[in-house]
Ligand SMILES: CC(C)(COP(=O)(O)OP(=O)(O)OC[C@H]1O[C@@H](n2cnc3c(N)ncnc32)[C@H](O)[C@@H]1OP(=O)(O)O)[C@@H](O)C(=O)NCCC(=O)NCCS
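Given next, in structure tokens, is a single chain: the form predicted alone.
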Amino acid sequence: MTAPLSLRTRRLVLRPLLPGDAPALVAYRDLPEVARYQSWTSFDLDTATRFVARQADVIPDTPGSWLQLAVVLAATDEIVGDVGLHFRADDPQQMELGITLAPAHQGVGLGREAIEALLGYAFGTLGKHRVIAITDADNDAAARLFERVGLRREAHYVDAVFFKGAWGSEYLFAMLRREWRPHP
């Protein structure tokens, strides 16, 4: 059995989701401004409970799996978001990441801190060759975040995805292990 993945930064703990986390997930994931660029339209307690339960058996670095971690303030133990790691089945040397932060905790560097921790795990611990992140082309905050941590915009897919009843565009960001610079 593999030990649960837990990453620590100066202000954050990224840890597995626990059954008691469901209400905290609902508090920010059900907000229209959060759901706007996500695959869900609403995120109620039942949805959150099932979401957390599905994560219980996910083993890190299992090809084809998505691992979701809670983003927790180390000083207060408050959940302020979550991050996702997609361990690709088609190419285990590549990984996708994503992030969702509560609006009240955006714009203060927590997203950057969380993504840098994920990059350290992907490149430093797992030795992945390449990490990607995909975001809606209208999600300026996410695009800026990915650029701030050093991911380069490699692609702009124009009207490439039918999303929430309309065609949408996406940006693909990427970083290679040789481009990664660890942060203390």
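A residue's number is simply how far along the shown sequence it sits, counting from 1. Note that this is a predicted model, so its numbers are computed, not measured.
Below, we refer to the form predicted together with the named molecule, which is not included among the displayed structures.
What stretch, of 117 to 125, 153 to 161, 48 to 56, 135 to 143, brings heavy atoms to within 4.5 Å of the named molecule in the predicted bound form?
-> Answer to the contact question: 135 to 143.
Identify whether the named molecule in the predicted bound form is within 4.5 Å of every residue in the set 14, 72 and 84, based on non-hydrogen atoms.
-> None of them does, since no heavy atom lies within 4.5 Å of the partner.
Would residue 79 count as a contact of the named molecule in the predicted bound form, using a 4.5 angstroms cut-off between non-hydrogen atoms?
-> No, no contact at 4.5 Å.
Contact of residue 62 with the named molecule in the predicted bound form (heavy atom, 4.5 Å) = No - in the predicted bound form, heavy atoms of residue 62 and the named molecule never come within 4.5 Å of each other.
Does any heavy atom of residue 68 come within 4.5 Å of a heavy atom of the named molecule in the predicted bound form?
-> It does not: once the named molecule is placed as it appears in the predicted bound form, residue 68 has no heavy atom within 4.5 Å of it.
Is residue 108 close enough to touch the named molecule in the predicted bound form, meaning at least one heavy atom pair within 4.5 Å?
-> Yes, residue 108 lies within 4.5 Å of the named molecule in the predicted bound form.
Would you mind checking 88 to 104 for residues with a heavy atom within 4.5 Å of the named molecule in the predicted bound form?
-> The stretch touches the partner through 99, 100, 101.
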